[in-house]
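Just the one chain here, the form predicted on its own, laid out as C-alpha cells.
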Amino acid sequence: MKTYFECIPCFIRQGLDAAKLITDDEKIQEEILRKTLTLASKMDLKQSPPEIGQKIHRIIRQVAKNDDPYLEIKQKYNSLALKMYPQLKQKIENSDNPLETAVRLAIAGNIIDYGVNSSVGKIKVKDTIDKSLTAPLDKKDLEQFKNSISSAEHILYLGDNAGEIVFDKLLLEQLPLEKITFVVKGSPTINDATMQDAATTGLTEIVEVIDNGSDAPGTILNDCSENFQQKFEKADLIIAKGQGNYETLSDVDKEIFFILKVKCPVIARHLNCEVGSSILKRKKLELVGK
C-alpha cells in the first residue's frame, strides 16, 4: 500500500507527539520536528506508511538519545491488559462461540496504538471492548478463518503493539498452538511489542516467539531478518495484526488474515469501510503463474 497525501499530517503529528513525550526541552523538540518536516518533504509516496514511519522514529530516537522512548507506555499497557486478562478469558469461556469472542477481543486490543492515537485511556480501551463484542463481523469471514486455521500446517501470527499482545494471547489460546509462531519487532519502534513484552505478558510460555529483526512499525519483508523471511516463506497462513501490517502486506502474494480496528480515513477508504470498523479480512494466495 502506498502513502497518501492524508498520511503526511499524521507523520508530523507522530514526530511532535513523540518529541513532547520524550522531553520538555524545546530545543530537542524543535530539532525532532524540523527533521521530521525535512524528511516528510522528501518522502517517496510510493513507499508504504510504515517505511516512512520507520525513518521518522529512527530520527526521534537518535535526536533524543533514547533507544525506547515508549518504554513506560508499553509497560503501562502490558500491566493494564494483564489485569483485564482473567475477566476477558472468562468472557470467552462463557461465550456460545469462544473463537468469535476471542477474535473480537483481539480486534479490540488493536486500539492500543500510539502511532495513530496520541493517548489511549483505560476508559477508551474498555469502551472499545464493549463495542467490538457487538460490532458487525462477517460470519463468512469467521468461518473461513476457522477453516484456514484447521487446514494450515505452519501459521505465522504477526503481533502489533504492547498491551495488545495480551488480547492476542486470548485468541492464541483458542488456536492450535503447536502450529503457530508468534512474531514481535526486532527492536523498539513506537509502542510495538518486542521480545521483552512477549516475555512480560507470558506469550513466550505458551507459544514459540521470534522477532522479525526490524524496527519498522509494520512488516517490511526486505528489512526483516533472514530467519523471519524463511519462516514467512514457509508459512501457509499468516495472521497479521494492526494497520501497519495491513499497510505493508496488503499487496503481498500470500494467504493472510488481517485483524485490526480501523483507526484512520485512509485505511477505511482502502478497505471500503467506516473508521472504527472491526476487520477480519482474508487475502487469498494468488496462484496465477505458479
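All values derive from a computational prediction rather than experimental measurement. Residue numbers run from 1 along the displayed sequence.
Another form exists, predicted in complex with a further copy of the same chain; not displayed. Remarks below refer to it.
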Tell me, yes or no, whether residue 29 is in contact with a further copy of the same chain in the predicted bound form, where a contact means a heavy atom of each within 4.5 Å.
yes
Using a 4.5 angstroms cut-off on non-hydrogen atoms, would residue 8 count as touching a further copy of the same chain in the predicted bound form?
yes
Although the partner isn't part of this model, could you tell me whether residue 41 comes within 4.5 Å of a further copy of the same chain in the predicted bound form, counting any heavy atom of the residue?
yes
Determine whether any heavy atom of residue 56 comes within 4.5 Å of a heavy atom of a further copy of the same chain in the predicted bound form, and answer yes or no.
no
I need to confirm a contact call. Of 221, 264, 37, 252, which residue comes within 4.5 Å of a further copy of the same chain in the predicted bound form, counting heavy atoms only?
37
Among 227-235, 253-261, 43-51, 60-68, the stretch whose residues bring a heavy atom within 4.5 Å of a further copy of the same chain in the predicted bound form is 43-51
Please state whether all three residues 172, 179 and 206 have a non-hydrogen atom within 4.5 angstroms of a further copy of the same chain in the predicted bound form.
no
Within 6-23, the residues that have a heavy atom no more than 4.5 Å from a further copy of the same chain in the predicted bound form
6, 8, 9, 12, 13, 16, 20
